[in-house]
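The chain below stands alone and is given as C-alpha cells, in the form predicted alone.
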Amino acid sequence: MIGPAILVEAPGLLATVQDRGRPGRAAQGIAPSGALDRGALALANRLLGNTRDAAALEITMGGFSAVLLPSGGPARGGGQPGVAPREADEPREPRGLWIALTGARGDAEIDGRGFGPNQAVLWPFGTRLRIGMAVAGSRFCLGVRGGVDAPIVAGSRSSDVLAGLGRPPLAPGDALAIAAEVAGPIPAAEPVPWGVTRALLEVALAPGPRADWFAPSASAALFGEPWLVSNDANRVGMRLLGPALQRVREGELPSEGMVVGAVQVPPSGLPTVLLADGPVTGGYPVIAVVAAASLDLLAQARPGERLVFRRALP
C-alpha cells in the first residue's frame, strides 16, 4: 500500500465507506446507497478541500478506534492535533493526515487530546484516533483529505450492506488507503454550527402511491401521533413503533418500485421507512414518502427517539 494508511483497531457497531452513492440505477436492481446523512458528508469534504465525490467513513453510534500509519518507515509520533492552516502554511512533507468529523455528536480525541467537530484537524502519523459513543445523533462522518480509497463498483465506492456491493463493513485489522479526490486547498476555518439538536424530530412526508389503501384514521394517526424509532433500524430501513395504520383494502401488491424514504406498511400496520441500502422493489403498500430535505434528519434518529411527521409543502 503506497501512501498513508488508516489501520482500524475497533470499527464500533458498524463502520462503512460511503460517498454520494449510486443514484439512478434502480432499473438495474441497484440501490442508491451512499452516506445516509448527505449533509454531513458534503460538509466534511468542503472542510477538507475534497471533491464532492470523495468517500468518507460512516460510523454508527461511535466506538471507533484507528492508528494512522505513514508511507513506509516507522510511525512518527509526537504531533498534536490542531486546526488547519491555510495552504501556504502547510508543510511540504505532511506530518499526518487532515481529517474532519461531522454528523453525530460525541467525544473524539487523538492520543488523548480532544478535538471538536466540524473543523479540519491534523491527525499525526503514529497516533491513535478514538471516537466515543454518540450522545446525540447516530452516525458520524469521518472525512479525510483526499477521501478514503475503496473499490469502485457501479460508479461508487459506497458499501451496500444489503446487496454486498463495495467494500465490506470494516473489521479490526483492516487498512484503508487514501484516494486523490482533492479539489483545492483546505479552506480558511469558518464557524460551522452543529445541527442535530432537536429533542423531537420533525420529518416531512409527501403522499405515497398507495395512500388510498388506508382508512382516514391511518392518516390521522400518521400525522397526529408521535412515533418511536425501534431497535430495528439500520442502513436498510427503520421500523417505527406507534398506532397500527388501518387499511381499507386487503391483500398485497405484486412487487413494484421503491425509493429511498418510502414508508411501507406491512400487515402489522407498523410502518417501516426504507433507507439508502433498502430494496429497490417491494410488495407492501407505500402510504407516504419522506421528503428529500428530511432524509438527513432521519439518518441521525436513534433507537428510542421520538419523531413526528408533518405534511411536506407542495
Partner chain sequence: MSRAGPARLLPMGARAVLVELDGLDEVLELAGALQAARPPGVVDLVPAARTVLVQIDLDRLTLAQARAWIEGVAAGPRSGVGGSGGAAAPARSHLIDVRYDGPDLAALAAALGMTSGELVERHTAAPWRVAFTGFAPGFGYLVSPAWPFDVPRLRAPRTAVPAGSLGLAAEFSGVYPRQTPGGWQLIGTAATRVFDPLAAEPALLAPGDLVRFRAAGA
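Residue numbers count along the first chain shown, from 1. Predicted model only: the values in this text are computed from it and were never measured.
The discussion below concerns the form predicted together with its partner chain, not included here.
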Interface segment, criterion being heavy atoms within 4.5 Å of its partner chain in the model of the complex, picked from 149-157, 178-186, 102-110, 229-237: 149-157
Output flag, I131, V192 and P303 jointly within 4.5 Å of its partner chain in the model of the complex, heavy atom basis: no
Option touching its partner chain, based on a heavy atom within 4.5 Å in the model of the complex, out of L47, V286, A276, I59: V286
Selected contact from L201, L162, A221, A204, since only one has a non-hydrogen atom within 4.5 angstroms of its partner chain in the model of the complex: L162
Any non-hydrogen atom of T281 within 4.5 angstroms of its partner chain in the model of the complex: yes
Contact label in the model of the complex: S268 to its partner chain, heavy atom within 4.5 Å: no
Partner proximity in the model of the complex: Q246 to its partner chain, non-hydrogen atom cutoff 4.5 Å: no
is_contact(I30, its partner chain) in the model of the complex, heavy atom dist at most 4.5 Å: yes
Residues in 252-291 with any heavy atom within 4.5 Å of its partner chain in the model of the complex: P254, S255, E256, G257, M258, V259, T281, V286, V289
